[in-house]
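In structure tokens, the next block holds one chain alone, the form predicted on its own.
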């Protein structure tokens, strides 16, 4: 091969692959807007709140941060928004054992931070972090689940509550909730409107759940002794 041919091969080969690279870049950029969650003003403001209170100093998000406190990447999929907002503003008012101090987060800042965390939760992380272990309604192996146990699972109660050591710790342990003297009617009322029986409750209302399901769940809870 002559020097001229080698030079032409280099020049035209470089141009050819540059055009391919440029085309792939343009195609990727055109897809990003359609694949990425929309960034709103509240999401932007929420990111500023995240930085203002140095949340990353204790929490991780998308693999970045500290490991002193729970990962926040998918937190809005694991806890009700009403609970999270109340917890952000007054952690120990919701859970006296909470390690997180009261930071002075306002109601507006909490909403903005939740908007940011909701945006983060929509990022495709290929299944990471793993979903938490959820309670199988503390059923006994080999025995069919009652309708109340099925409702307990379908409504995600185990994301906040635990039964026999399985489930979340954000809400009260329900292992012996049936021994507290509250009847099924009280539980139905509590499920429909937690604030009606406990004004400081961080639990969201489940008034939209069919009445029959609430009664089945309440009947199940009073058996936990």
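Numbering follows the first chain given and starts at 1. These numbers were taken from a predicted model, which means no experiment stands behind them.
The same protein also has a form predicted in complex with heme C (HEC), omitted here; what follows describes it.
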{"item": "Residues 45, 89 and 120 all lining heme C (HEC) in the predicted bound form, heavy atom within 4.5 Å", "value": "no"}
{"item": "Touches heme C (HEC) in the predicted bound form: residue 130 (any heavy atom, 4.5 Å)", "value": "no"}
{"item": "Residue 54, heavy atom within 4.5 angstroms of heme C (HEC) in the predicted bound form", "value": "yes"}
{"item": "Residue 37: touches heme C (HEC) in the predicted bound form, heavy atom cutoff 4.5 angstroms", "value": "no"}
{"item": "Distance check, residue 79 to heme C (HEC) in the predicted bound form, heavy atom within 4.5 Å", "value": "yes"}
{"item": "Residues of stretch 181-201 in contact with heme C (HEC) in the predicted bound form (4.5 Å, non-hydrogen atom)", "value": "182, 186, 187, 190, 191, 194, 198, 201"}
